[in-house]
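Shown here is one chain on its own, the form predicted alone, set out as structure tokens.
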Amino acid sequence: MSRVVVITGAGGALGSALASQFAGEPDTDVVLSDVSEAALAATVESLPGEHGRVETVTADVSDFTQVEAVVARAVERFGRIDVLISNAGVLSPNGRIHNLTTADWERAFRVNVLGGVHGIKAVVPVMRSQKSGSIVLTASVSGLTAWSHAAPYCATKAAVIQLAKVAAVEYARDGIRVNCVCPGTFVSAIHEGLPQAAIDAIGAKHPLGLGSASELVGAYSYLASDAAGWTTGTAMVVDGGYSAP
């Protein structure tokens, strides 16, 4: 029987790398979702030639009904869901707390926190009926450290870490594992246009230098796999040493 993996936020750098990783794993079918239809199409185009069956659904994770539709499509097409990678997220504007608007905070919480909540709410009934499943949320090392001028992002990623821990406790007896990955800074589209000096400064904060999305996927692959069968409620840090000092 093929394993079925659902990935939200599949249109960004990390989402695309995750899609390639899981679509290329043996006996694995994937359902990919993103708010951007164009980005989602680009991810599908980039998938390796040899991969399992692929389904796509455009959805905004801040809207629970749209996340429900992603889950429903996965079940309709493949009959089950073994893994949910809740990866959709947004950055917050650069500014000190007193200069940020309520709208800035609300957008960060709607996508970064409620996106994860909606994914859990939508997929848990399916996984409970199977008595098995793995949920992996994308948090950030910013949820464990303090990034000046990025309070909404830091606060929401800290909330994602705690959400994973609480969900892990609540659903362990249902056979559902819940974990999160805390990436450091990796090269993505958000760095386009930045002066090289700024990129070098960011890289200097990571003892191993700036990472790439492809260097993060191993953590997700492990947490989603049977090899992590006794791992739940963890926040796996993959940050090139950023949080070590």
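Residue positions are given as counts along the sequence shown, with the first one as 1. In this text, all values refer to a predicted model and were calculated from it rather than measured experimentally.
What follows is about the form predicted together with a small molecule, which we do not show.
Stretch 136-144 is the contacting one of 70-78, 98-106, 136-144, 120-128, since its residues have non-hydrogen atoms within 4.5 Å of the small molecule in the predicted bound form. The closest non-hydrogen atom of V111 lies within 4.5 Å of the small molecule in the predicted bound form.
Of the heavy atoms in S214, none are within 4.5 Å of the small molecule in the predicted bound form. Within 4.5 Å of some heavy atom of the small molecule in the predicted bound form lies at least one heavy atom of A189. Interface residue remark: T185 is counted as part of the site for the small molecule in the predicted bound form, having a heavy atom within 4.5 Å.
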